[in-house]
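Just the one chain here, the form predicted on its own, laid out as structure tokens.
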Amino acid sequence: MISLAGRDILHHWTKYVFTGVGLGLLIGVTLSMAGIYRGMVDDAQVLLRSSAADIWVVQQETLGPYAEPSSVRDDAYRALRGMPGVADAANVTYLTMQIRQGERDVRVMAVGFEPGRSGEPPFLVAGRGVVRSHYEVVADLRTGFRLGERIRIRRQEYEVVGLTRRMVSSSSDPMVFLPLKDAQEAQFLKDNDAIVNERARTAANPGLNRPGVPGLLDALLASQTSSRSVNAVLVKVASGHDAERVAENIRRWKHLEAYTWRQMEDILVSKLIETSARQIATFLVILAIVSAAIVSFIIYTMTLGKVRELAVLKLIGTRNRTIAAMILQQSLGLGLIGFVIGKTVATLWAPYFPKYVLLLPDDAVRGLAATMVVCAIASLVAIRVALKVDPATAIGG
């Protein structure tokens, strides 16, 4: 059987190959967009795994520390530890902030934790964990911080004593872990000017600065310079207990919101990255349409350039099914070349994206199947033109 695709590749191989390269770049962008979405989902799950919690206890009527601001008194964990089914409870704070390193600003999520409890970094790739109660941090490798380096967070300097890998927030910001008290001070305490102004307002209030009550004003001022809030309490459920039932008891008796692992995963994946997922899906549809248009145009153009050859085939009695199959092969070959190039370039440039790009083998298989389907659809116009070629064209010119 005459291979029309083979003949075109031999006689017009430069046009065919360069078209495959262009299509491959489009497919590479498509695979990268899918990889970015997979990376966002993986980042959200990494954040949950690094917390090592079964239940997140947060402020009532909020979605928790990752999706909404949440403030819980830091003594709430004591009451939670006494509840049935609770094995442990630990305070934790989360704060997205900028840290100055030399001439650049590093955007990080600062996590305040209690050593030895939920919320601490689960593993280290270098250095040691935080052992002092103040001014030590463990940082993710993506921050660019080095062991022994001193960094400034708010008004204090901290020493980097340990490094982790793939500890990121749902926004892909690398994490910095520091002692809970330091994190509370960094997040909730006001700056010096605000404290001075607040003290002046308190002293000017006759109800709070009573002449006949000595020590009242000093006690109020002292309470303004300390923080007693955290963003969440991480709860570990005791063996043999159902996390959903424990969470329900916390909601009922402690007047706090409690989310299980599945519920928090749903908040992170379905709510936080929902808009981004829609944008990526829109781009994927646009790229698929553009790819189909390019393949359709190229195959259509190449078919028009072979009108005389097609007429000769018809004149010698070649069946329409054979002609259609040859054009379809040509289109699928173009798609196969494009997919190989697209998968290669997506793998090569993925590490250089600012976002984490996770390329899964299953997505590659789906991408190959989608490419073949798009190329098959794109060849329909060219097949229709080829089947309408008049055999007399081979004689009349």
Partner chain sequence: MNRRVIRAVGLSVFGLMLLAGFVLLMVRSGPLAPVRVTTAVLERGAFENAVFGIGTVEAERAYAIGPTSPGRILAVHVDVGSEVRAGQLLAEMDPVELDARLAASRAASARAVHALESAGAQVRDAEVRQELAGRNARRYASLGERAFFSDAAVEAKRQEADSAGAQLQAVRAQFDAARMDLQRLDAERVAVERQRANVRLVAPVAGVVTARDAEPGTTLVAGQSVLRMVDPASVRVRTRIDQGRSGGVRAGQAASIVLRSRPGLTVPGKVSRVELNGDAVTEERIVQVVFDEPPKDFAFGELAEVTIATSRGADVLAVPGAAVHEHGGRRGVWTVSDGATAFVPVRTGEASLDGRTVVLEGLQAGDRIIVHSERELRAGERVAVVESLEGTRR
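Here the rigid core means the biggest group of C-alpha atoms that line up within 1.5 Å when the two forms are laid on top of each other. It should be emphasised that the depicted structure is a prediction, and the values quoted were computed from it without experimental measurement. Positions refer to the first chain, counted from 1.
One more form of this protein should be noted, the form predicted together with the partner chain, which is absent from this view; the next part is about it.
- Of the candidates 254, 107, 199, 181, 181 is the one whose heavy atoms come within 4.5 Å of the partner chain in the predicted complex; the others do not.
- Taking a 4.5 Å heavy atom cutoff to the partner chain in the predicted complex, the contact residue among 319, 100, 155, 245 is 155.
- Contact with the partner chain in the predicted complex, defined as any heavy atom within 4.5 Å, is confined among 280 to 288, 303 to 311, 200 to 208, 139 to 147 to 139 to 147.
- The partner chain in the predicted complex comes within 4.5 Å of a heavy atom belonging to residue 131.
- Residue contact with the partner chain in the predicted complex: residue 122 places a heavy atom within 4.5 Å of it.
- Put simply, residue 369 is far from the partner chain in the predicted complex: not one heavy atom of it is within 4.5 Å.
- The shortest heavy atom separation between residue 163 and the partner chain in the predicted complex is within 4.5 Å.
- Scanning 341 to 359 for heavy atoms within 4.5 Å of the partner chain in the predicted complex gives 343, 344, 347, 348, 351, 352, 359 in sequence order.
- After superposition on the rigid core, the Cα of residue 357 moves by less than 2 Å between the shown form and the other one.
- Comparing the forms between the shown form and the other one on their rigid core, the Cα displacement of residue 53 stays under 2 Å.
- The Cα position of residue 65 differs by less than 2 Å between the shown form and the other one after fitting on the rigid core.
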